[in-house]
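The data below hold one chain only, encoded as structure tokens and taken in the form predicted alone.
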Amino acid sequence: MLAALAGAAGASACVGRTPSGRRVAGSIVGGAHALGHRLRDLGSLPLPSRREEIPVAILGAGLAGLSAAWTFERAGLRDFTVLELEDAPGGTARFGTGPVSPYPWAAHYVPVPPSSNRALVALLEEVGAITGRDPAGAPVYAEDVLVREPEERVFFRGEWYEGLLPRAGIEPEDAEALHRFEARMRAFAGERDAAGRRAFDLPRRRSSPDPRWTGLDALSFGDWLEREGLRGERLRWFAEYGTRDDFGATLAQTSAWAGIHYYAARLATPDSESADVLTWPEGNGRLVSHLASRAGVRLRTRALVLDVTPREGSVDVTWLDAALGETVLTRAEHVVCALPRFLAARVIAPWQERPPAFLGETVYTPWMVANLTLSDRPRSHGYPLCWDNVLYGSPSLGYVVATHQSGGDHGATVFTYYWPLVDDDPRRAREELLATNWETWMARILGDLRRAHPGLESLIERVDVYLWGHAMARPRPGFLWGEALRESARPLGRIHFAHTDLSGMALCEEAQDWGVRAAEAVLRARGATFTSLVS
């Protein structure tokens, strides 16, 4: 069993042909499904071959777990261990590298946060995204990380147009619906409760609990649009592009509260524009690299957590060191569990014996993400190549250009292409995702992009694919403000939880906030003196 587990990870190299007969190399890169799936069939727990004792164990090295480690490091608590299943840290913010450019494997941008988000501002300052302060004390962001122009375009009826909303030849009824929708989102951005809290804010916990707005969670976004008489075809496409982009969900699968949050939370005032966007060639992998460097050798990859048992005054974590093929028992005084709910349900001992009802409430969307290495920029008709490139009416979300921030508009590049599987039955979609081979994925990608880029096949050097079986939790109607999500976040003895699953929205701001808050809860329990980053 241990030998099988130790050898379960790795990329699958492939060579195939495009429909025109051109040979293309590539691979299915991840994630570590084979290693993780062994957990389901483990049976009895292996006896540990070595033991260790530490003050804190962090389970999971996504942005939440790494943010917890960063918080401990900043506070002077340096005796901790981070255990990560994959061969590299980052979760959905991990990245890859190639001969042309680094590139993201999922999360690829961070909206400029308000100054009140002290933790995220501090992190961005550390990674060099902030170059100074203006006379009012607000951060000034580096030009090379603010998305450069041209920023975004949409392929519609055979031509590329500026922006994400095609307005060419729009019918008056559609234009009126779009105008009313935008006005409603701006109005929501200005709503405050009696305590001065915004109706829709980031991180989500800062949003008002007033039933005037939380009651929208009971509706789907699609039903809310219908109720408001917002029925235009292009409006509904635009609104669903937003829900598929941020949540991997359709209008019917997304709560109205979450759908409105997508558009309203990043407007500082009703009269302002949406927050500027920060990005890097490797996307949010830039943040991962920095956080992982702060954790250093205390970060252990290919570490499969098998069991987490709370004790009186400690927590026992049994895990497999897949690199060495041995099991380890780590006794920690405190644990930050930054695992998604579906994994936490399988490893936390009390939940294995009596699974709480709330564990079954989180629904996940699977995603396919591909990186296409091209020898040159493809031809396109209309508005020029942008950072974000979207195809109207496509099942995909289009692609971002990894080399965009370099300033060059010619030569080799990498397109990062996103396809959420938004089926109503996520389990079936997940099975399809993992059963589909590389050649089929390549054919689907080319079939989608060929209509916007004639001759694309002749430029492709590689197509690498990442399969995310449980990419992000869906903020389905009734979930975000329900009791199940509140219960899911409560500590279990000395185990504190940190993950975007606990917000129901897989956003960078949520991941960091949960990691920082969990770490600060541990620091308080240990009697540590520190300056809080939580507002």
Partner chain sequence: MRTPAVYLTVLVIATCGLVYELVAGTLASYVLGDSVTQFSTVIGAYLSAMGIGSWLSGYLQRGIAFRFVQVEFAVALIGGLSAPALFLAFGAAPDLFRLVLYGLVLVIGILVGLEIPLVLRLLKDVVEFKDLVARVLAVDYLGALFASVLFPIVMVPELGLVRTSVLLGLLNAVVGLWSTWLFRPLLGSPGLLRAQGAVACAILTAAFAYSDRLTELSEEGLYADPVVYTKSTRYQRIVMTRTGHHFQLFLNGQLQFSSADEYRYHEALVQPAFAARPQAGRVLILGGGDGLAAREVLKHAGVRELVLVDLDPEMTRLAKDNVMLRELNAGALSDPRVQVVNEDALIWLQHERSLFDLAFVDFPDPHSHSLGKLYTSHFYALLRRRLDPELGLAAVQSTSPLLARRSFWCINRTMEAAGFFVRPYHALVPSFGEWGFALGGVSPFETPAEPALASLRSLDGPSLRALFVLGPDMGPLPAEVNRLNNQVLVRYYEEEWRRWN
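Positions refer to the first chain, counted from 1. Here the structure is a predicted model, which means the values were calculated and not measured.
Omitted from view is the form predicted in complex with its partner chain, to which the following refers.
Contact with its partner chain, judged by heavy atoms within 4.5 Å in the predicted bound form, is confined among 404-412, 85-93, 319-327, 424-432 to 404-412. In summary, among the residues Glu233, Glu191, Asp276, Asp210, the only one with a non-hydrogen atom within 4.5 Å of its partner chain in the predicted bound form is Asp276.
Between the options Glu439, Glu461, Glu173, Asp144, the residue in contact with its partner chain in the predicted bound form by a heavy atom within 4.5 angstroms is Asp144. A residue is said to contact a partner when one of its heavy atoms sits within 4.5 Å of a partner heavy atom; Gly242 fails this definition for its partner chain in the predicted bound form, lying far away. Contact check for Arg205: every heavy atom lies farther than 4.5 Å from its partner chain in the predicted bound form. Taking non-hydrogen atoms only, Trp160 never approaches its partner chain to within 4.5 angstroms in the predicted bound form. In the predicted bound form, its partner chain lies within 4.5 Å of some heavy atom of Asp376. Along 149-163, residues Glu149, Pro150 each place a heavy atom within 4.5 Å of its partner chain in the predicted bound form.
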